[in-house]
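A lone chain, given as structure tokens: the form predicted on its own.
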Amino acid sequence: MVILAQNWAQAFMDANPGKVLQVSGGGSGTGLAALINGTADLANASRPIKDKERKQLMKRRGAEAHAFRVALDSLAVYVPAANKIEALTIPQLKKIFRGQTTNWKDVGGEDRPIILYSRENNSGTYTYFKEHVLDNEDFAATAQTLPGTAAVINAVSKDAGGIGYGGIAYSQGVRTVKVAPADGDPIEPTMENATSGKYPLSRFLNIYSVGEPSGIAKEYLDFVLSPKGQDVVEGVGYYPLPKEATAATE
């Protein structure tokens, strides 16, 4: 979410001269750790906070975590633009990223080794993919971990055998693959399919605070959830929060 947060912060500061925000990246786990240890006022996370993190936050900061839904994402599966594979099922993706399917010909592609690109394990995107595609089993040892979705996309775009995953906002030089549940039809990761819940790897993106936000943190969150803030979401390439979704979730 770092690019999204940077754009939000810049738009907020442009609208509020004299107010300054600082944005750092590193993955959902890194952001939540900063929230716990008091070096951040807000944490962006593409996964739900863990029970262990909640307990740590209460112990260190003396307050509950509050989650705010701020955007919608389709976690997309990416292949090089020249790859002719149109769709993969979640069971096929599991076998690919577990290292059990190692050649594209085994899923209807060319006779070419599959090269795996993944996020690092402190990433919310990594956690989501592991939970929803791998059923919490381990990635193949051959998967190359990279520090951001942009790095994954860059690697896949240059590797004829590559496959990776990440937020829908990243798509230059690669192509998204339709994803099918085990017993359903392939679905494109479009805004309509994400909003309706048809796309099987849709997720909300969140911002976490320590207790009820106040001061500039509240002003920033109000901006993020305003029409101007949601325009930033769409401009970056994610999907605006559906009107029926409640912003504050807990």
Partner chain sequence: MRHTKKDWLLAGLTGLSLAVILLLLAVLLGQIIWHGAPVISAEFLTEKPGADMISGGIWPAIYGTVFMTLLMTLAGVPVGIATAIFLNEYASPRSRIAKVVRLAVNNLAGVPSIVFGLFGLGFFIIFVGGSIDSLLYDDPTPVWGKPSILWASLTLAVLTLPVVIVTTEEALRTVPRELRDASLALGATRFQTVYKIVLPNAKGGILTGVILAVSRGAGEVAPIIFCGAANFLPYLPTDLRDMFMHLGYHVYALATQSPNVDAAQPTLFGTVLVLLVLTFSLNLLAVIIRARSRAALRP
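Positions refer to the first chain, counted from 1. Bear in mind the structure is a predicted one, so any value in this text is a computation, not a measurement.
There is also a form predicted in complex with the partner chain; it is not shown, and the following applies to it.
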Looking at 87-95, 144-152, 69-77, 176-184, which stretch has residues with any non-hydrogen atom within 4.5 Å of the partner chain in the predicted bound form?
144-152
According to a 4.5 angstroms non-hydrogen atom cut-off, is G215 in contact with the partner chain in the predicted bound form?
no
Partner contact for G38 in the predicted bound form: the partner chain, 4.5 angstroms, heavy atom:
yes
4.5 Å heavy atom contact, S226 to the partner chain in the predicted bound form
no
4.5 Å heavy atom contact, F129 to the partner chain in the predicted bound form
no
Within 170-197, which residues have a heavy atom closer than or equal to 4.5 Å from the partner chain in the predicted bound form?
Y170, Q172
